[in-house]
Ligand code: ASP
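Just the one chain here, laid out as structure tokens, in the form predicted alone.
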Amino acid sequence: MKVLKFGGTSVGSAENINKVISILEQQSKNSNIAVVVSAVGGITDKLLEAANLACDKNKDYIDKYNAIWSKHNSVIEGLFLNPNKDKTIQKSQDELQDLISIKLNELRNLLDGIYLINELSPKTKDKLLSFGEGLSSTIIYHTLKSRNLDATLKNSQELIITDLNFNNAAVNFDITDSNIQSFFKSNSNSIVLLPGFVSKSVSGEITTLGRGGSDYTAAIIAAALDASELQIWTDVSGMFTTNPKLVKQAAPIIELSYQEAVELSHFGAKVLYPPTVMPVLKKRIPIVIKNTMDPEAVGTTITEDIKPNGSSPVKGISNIDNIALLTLQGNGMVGVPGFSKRLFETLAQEKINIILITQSSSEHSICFGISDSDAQRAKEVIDIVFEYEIALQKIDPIVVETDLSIIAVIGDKMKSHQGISGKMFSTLGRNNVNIRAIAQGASERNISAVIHKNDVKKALNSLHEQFFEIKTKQINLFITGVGNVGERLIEQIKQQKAYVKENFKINLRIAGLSNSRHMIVNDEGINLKDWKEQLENGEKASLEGFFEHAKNLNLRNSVFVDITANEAVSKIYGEYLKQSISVVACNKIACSGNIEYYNELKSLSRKYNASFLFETNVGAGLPVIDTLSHLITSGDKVNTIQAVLSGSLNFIFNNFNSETTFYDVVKQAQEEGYTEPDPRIDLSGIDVARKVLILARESGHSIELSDLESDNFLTDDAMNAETVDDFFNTLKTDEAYYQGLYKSAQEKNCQLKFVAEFNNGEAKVGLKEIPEGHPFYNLKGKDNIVMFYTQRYPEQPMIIKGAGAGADVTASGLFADIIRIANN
């Protein structure tokens, strides 16, 4: 015989009950089945709400009662649809509605009584709650009979006998097992329907089996009958690797041991109530968790022993929310026996359940986790019990921390696999999830950690990614500045997303976009097909607002990408790093500004385990900083740097000659996007100065921008022009001056290049005449070149050369930094 239990969602509507009936019809063809049903979904809560209102003398309890009536009537009408006005069907419906009316009238009388006496005792509460399962089982039984199925209805209260501990009664298994075995021995029906949750005491009082009581009812019956299988039918396809509401990638677990199932159910897996496992565990009866809405899904099978499959022993990651952590500590506890006994006896007397315990080996403190709702009461009684020791300052008043959650990695035989706890804690650490307490038994079947409740989603996703996904790492990007370069970066991410995921196991996802006007954020990822339209219709942009979104979403592996030249944006990098959000900067201001801020960002990056990368600050997509970093890390020392670092200036001087005007070339460079809207930013050399300053700092030198020597080749009129148009007019007026620069170089068979140099701790930038044969001489187009003279490369420098400007190459440099972070 098999025992099937259907939860509240499974019997929550006529549509779902029809699915249940189809399952029963199919399974009863092969063998007799016992079927335990819960109350119609939501009814137990409505019964409690109505009773509490009545007890409080609030006549709104009548509205709740009417809602209960309406819900059951709606279910009956849905089950007995009768478009052809069949008299037999109508008679069955009328008879059922009469029965339900009688039961509901009894419920109304009970609620009226609670209202009159202004009291809701545990005994009355059990009587009240028993109506839910009584109503649902009556409706389903009469529906089965109307469809000519061989079914009978047996009241579980006649079988399951308990003590008088109302609301959570203890079962008398000797009497109960005898009752169940006797009834089923004499029963010949294919389907026996039983209400779950309800029972009676030896003296005949109505009792209930507590939270999850319908599961417990089914397990008691299965154990008494030595059933071949206990099936728990719910609204999900088994127990999941973690909470599917918080982790999209969560998947059903095909097989679990009894012990693993108990651990998972204790730690928040709602589809199974922990005591349910106990009666069937003793008899080694398999439990199968199935989905009423998808009967063909495999579900989860729970058995005595699961054969190892060579994969990770971790079976699931679970969590318990609304936890408070209490700490009893003090020097007076060390070496003194009895503190633990007094502490836990006090909590037991107050019926406060302890969820987690940990104690330091120094005996200086005991830390334990309980429900948030019990925290204040626990503190009060413990402080009273230890009042004498507290007064003598032998121990401190109990410390309470709230707004916490417990996460647990669960699986059999984790003890025999090295590195499980290491992976767990390092994964949490990388994502800035602070651990408040740790508990791990010697069996290492459960490794638990207490964290802040706001970190639960990030923690579950990070751990699930580590233990269950094919090493695919999700990177959540928050991009500000979506102009020319930003647009190209988004296009590159869109184009390469599938390739990067397939080949490098990196899932790139843009979670936030911002420009100077609007911003959008989506924790599920922004659809890149119409991101421009979404952004245009987004909320008003603000630097602080964008940061708050990224902080509050608290997504794992988050990266802030700055593609602006805005000083205010650069000033907020530290806030991102403090949240363990990595920073990728195209903006040069942070790294070339005040040395203290540069050092602070480096320090924050190390402290909060968040990368701070800015490869595109020098050479756009060229690996200049990365190469320099490898040289320094490997122990090399930079002596001299010589470089042409401005793609725009190189473009200008490569195209300027006696047959062109300086004005025309600069105008062309501006129009083609090689310069800033105000070309003086490029032509003044400040951009090059910032770049060589960054290289000097990355080489280990403390140097400020004011320390650089700059040879400005522009005229005073050009630099002092009030507007960009005025600036261009000065180029026309001073054409002879610029032609003179060109002529001087030509006469010496030289090329004009704007060169950055760093030597012996000193840096300078300026226009130089480069002779033929020099590596800079044939530098074409917008190319950049950097030469590193080091202890290992004293005579022949290490040279990096290539396109140093342009939206595509700059975007590719940003892309490369993002991938570096993902691979970290």
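Quick note: we count residues from 1 along the sequence shown, nothing fancier. Please read these numbers as outputs of a predicted model, since none were measured by experiment. Only the largest set of C-alpha atoms that superpose within 1.5 Å between the two forms is called the rigid core.
This protein has a second form, the form predicted in complex with the named molecule, left out of what is shown; the following refers to that one.
Contact annotation: T44 falls within 4.5 Å of the named molecule in the predicted complex, judged by heavy atom distances. In the predicted complex, at least one heavy atom of A39 sits within 4.5 Å of the named molecule. Of the heavy atoms in S214, some are within 4.5 Å of the named molecule in the predicted complex. You can rule out all but one of 781 to 789, 63 to 71, 759 to 767, 31 to 39: in the predicted complex, only 31 to 39 has residues with a heavy atom within 4.5 Å of the named molecule. Although the named molecule is not shown here, in the predicted complex the stretch 110 to 141 places heavy atoms of just one residue, E133, within 4.5 Å of it. Relative to the superposed core, I770 undergoes a C-alpha shift smaller than 2 Å between this form and the one not shown. Put the two forms on the same core and the Cα of N527 is off by less than 2 Å between this form and the one not shown.
After superposing the rigid core, the Cα of N167 is displaced by 2 Å or more between this form and the one not shown.
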